[in-house]
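The form predicted on its own is given below as one chain in structure tokens.
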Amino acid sequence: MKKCYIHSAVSISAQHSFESSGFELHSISGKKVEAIHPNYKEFISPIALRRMATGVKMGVAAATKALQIANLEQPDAILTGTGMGCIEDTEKFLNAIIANEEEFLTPTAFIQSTHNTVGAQIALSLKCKTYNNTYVHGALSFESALMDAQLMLQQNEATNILVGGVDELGAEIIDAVRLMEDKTSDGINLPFGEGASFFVLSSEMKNEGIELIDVQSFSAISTETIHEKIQEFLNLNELSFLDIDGLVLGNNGDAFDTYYDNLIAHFPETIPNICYKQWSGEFYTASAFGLFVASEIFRKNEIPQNWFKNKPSKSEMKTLLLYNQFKGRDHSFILLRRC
């Protein structure tokens, strides 16, 4: 089977990650944190822009820039992951139902609220009629899209694929989600966030690139067996704990961070630990921002100390392992190697 390489990585997030090269991270706080939005008029026509919800704007802009960096006009497939979809338009439609007492409703907001709106708008902007699929699998939504892309490349069904993860905050529904999640555990100590991260994956290698070695997901793992699962994953790829040069982790400060602690305990103390959600906030496709951070780590010659959770003595990183979970469910492993 053919290998899979990442040719470009673009992210709109709570950081200055879209327009800045080698951006510095700044702290976030509160219950919600909005993305730092670029000038969308550079990527979307003003007429189309007026009708787009935040998630669609972020997705189209990030996807367009990812294609530009990869010098690609048309991808062979567009794969998107989203946990909440376009909830801004969902809120508009539900509020209209209440305000109009379920009468005289226009369907526009409902039509635009569907989860595959982002992927569809990207395709429309590119006039792209290739395979287009959206995954809505909770905190595994992005990973599902990533695995589909990898399989297509490995089986020679495509050469270049656009894949990304998108979620928006909205105004009301996310508050209910936050309240529900806080009641089911000790709560989330990070703000809920939003963002869009897109990547161009290819079966063709460039001089300096990133190889996506493997992606694996689980709906449930116990804290006691997390190290066994990761060992099986590494063994499958003919690697050991000592072969990993850095960990990129989805800690969010809740009671389920014990998963990360149990995982870290089986790696040498010299391995760098990078926790990305303290910079992006928590949302269902935050792991896409984690993959973007991993791409930045490979691209940078020097990494600021505030990126690290620990004080590593190991500086050169060739192989990275990304691990994320949400509320003890939806676990994912992503393995990357610098080419």
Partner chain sequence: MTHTGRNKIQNKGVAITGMGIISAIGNNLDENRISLLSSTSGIGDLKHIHSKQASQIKVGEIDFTNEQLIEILELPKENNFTRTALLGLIAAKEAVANANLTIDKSIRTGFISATSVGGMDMTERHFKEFQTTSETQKYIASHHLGDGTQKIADELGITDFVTTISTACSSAANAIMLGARLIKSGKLDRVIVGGTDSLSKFTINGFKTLMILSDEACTPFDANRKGLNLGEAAAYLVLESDEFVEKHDKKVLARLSGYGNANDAFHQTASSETGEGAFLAMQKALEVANLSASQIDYINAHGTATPNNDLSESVAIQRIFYNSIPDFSSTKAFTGHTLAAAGAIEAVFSVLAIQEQSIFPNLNFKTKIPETGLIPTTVLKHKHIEHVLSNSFGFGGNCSTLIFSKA
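Numbering follows the first chain given and starts at 1. Just so we're clear, the structure is a prediction, and the values are computed from it rather than from any experiment.
The same protein also exists as the form predicted together with its partner chain; that form is not shown, yet it is the one meant from here on.
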Residue within 4.5 Å of its partner chain in the predicted complex by heavy atom, from G250, G193, G246, G83, is G83
Answer key: of N235, T225, S219, T258, within 4.5 Å of its partner chain in the predicted complex (heavy atoms) is S219
Answer among 154-162, 258-266, 198-206, 238-246 for heavy atoms within 4.5 Å of its partner chain in the predicted complex: the stretch 154-162
May I ask you to state whether R329 is within 4.5 Å of its partner chain in the predicted complex, using heavy atom distances? yes
N133, heavy atom within 4.5 angstroms of its partner chain in the predicted complex
yes
query: Hey, in the predicted complex, does E73 get a heavy atom within 4.5 angstroms of its partner chain?
result: no
Q.
So in the predicted complex, is its partner chain close enough to Y284 to count as touching (4.5 Å, heavy atoms)?
A. yes
Self-check item: Contact check for E102, H115 and V177 against its partner chain in the predicted complex, heavy atom at 4.5 Å
Solution: yes
Restricting to 58-77, the residues within 4.5 Å of its partner chain in the predicted complex through any heavy atom are none
